[in-house]
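Below you will find one chain, with nothing else, as structure tokens; this is the form predicted on its own, and questions on how it binds or moves follow later.
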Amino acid sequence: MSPTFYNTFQLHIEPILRTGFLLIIGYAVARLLSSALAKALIKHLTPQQAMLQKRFVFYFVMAIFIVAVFDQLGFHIGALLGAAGILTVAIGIASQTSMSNIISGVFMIGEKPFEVGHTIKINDLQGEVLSIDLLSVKMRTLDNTLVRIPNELLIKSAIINLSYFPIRRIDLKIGVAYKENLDQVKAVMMEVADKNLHCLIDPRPSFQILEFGDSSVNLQFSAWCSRPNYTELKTTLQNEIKKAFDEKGIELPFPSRSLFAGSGTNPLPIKIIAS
């Protein structure tokens, strides 16, 4: 191997080795600093804010090392920044949907209608928020599937945050027969709620008469519980009310219809066959 070829090979390989070494070191330092900062701030910030801080530090440190890499390769930083600015404008014009998602994401992060870990409902989707990014929100549904929702869609939709307040109200719509004493019905349901461990005493459960239906008096019984006990209370309360109604002989009627064929028509023939 000639000395000229060796010197040329060494001249080309050394910058590549240095840039590779810088990238590896930069990645390790960025991961270390971002993780350390997230652990230090986790007690003072929400999970979403801690995640954003971690990502910002990671990308900022990586950007510094990437600038150092370009410098090692001999590129002029000013020219690169100018080219990057032109490229950014071109990409922004070509990808208006992405820019709309980014702007919507900035507004949502500032408004904070929900946070990581909250359970939200959007249209027909309901689940736990896993991450809030500039382009989309990732959510895990109740059947353990991952859903990615673009921020532009979120900013235009009504978002129901089921985790925002510490307590929730359960509304049970129940129909009872017209012959029943409604005061007794109310007393039975109140007694059931008082015995249920998940039902809060304050606010007290409430009892309403909604309407006189075709075959029943339609009622609404509302009870409050802490947010984690919502599903458990809704299931146990309905089960216990049904058992209490059966014990007290309170009828839950089926829908019924009366057939009238007119005054000039003979009654419909009915034949009873003894078994």
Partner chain sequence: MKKQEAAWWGTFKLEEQNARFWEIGPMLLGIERLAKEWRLASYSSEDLEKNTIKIAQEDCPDFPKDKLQFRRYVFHHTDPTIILTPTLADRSQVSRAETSFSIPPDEHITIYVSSPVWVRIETGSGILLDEIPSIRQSDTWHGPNTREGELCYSSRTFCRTNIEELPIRQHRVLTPVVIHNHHYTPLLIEQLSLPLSHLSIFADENGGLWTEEIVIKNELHNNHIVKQSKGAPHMAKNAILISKPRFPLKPMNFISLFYSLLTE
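Bear in mind that the values here come from a model prediction, so they are computed numbers and not experimental data. Numbering follows the first chain given and starts at 1.
Beyond the structure shown, there is the form predicted together with its partner chain, which is absent from this document and is the topic of what follows.
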For its partner chain, considered in the model of the complex: do all three of S215, I250 and P253 come within 4.5 Å of it, counting heavy atoms only?
no
Between D183, D171, E111, D194, only one gets a heavy atom within 4.5 angstroms of its partner chain in the model of the complex; which residue is that?
D194
I167, L125, L142, A158 - the one with a heavy atom within 4.5 Å of its partner chain in the model of the complex
I167
Spot the stretch among 113 to 121, 126 to 134, 174 to 182, 195 to 203 with residues whose non-hydrogen atoms come within 4.5 Å of its partner chain in the model of the complex.
195 to 203
Does F221 reach its partner chain in the model of the complex, with heavy atoms at most 4.5 Å apart?
no
If you check in the model of the complex, is S226 within 4.5 Å of its partner chain, heavy atoms only?
yes
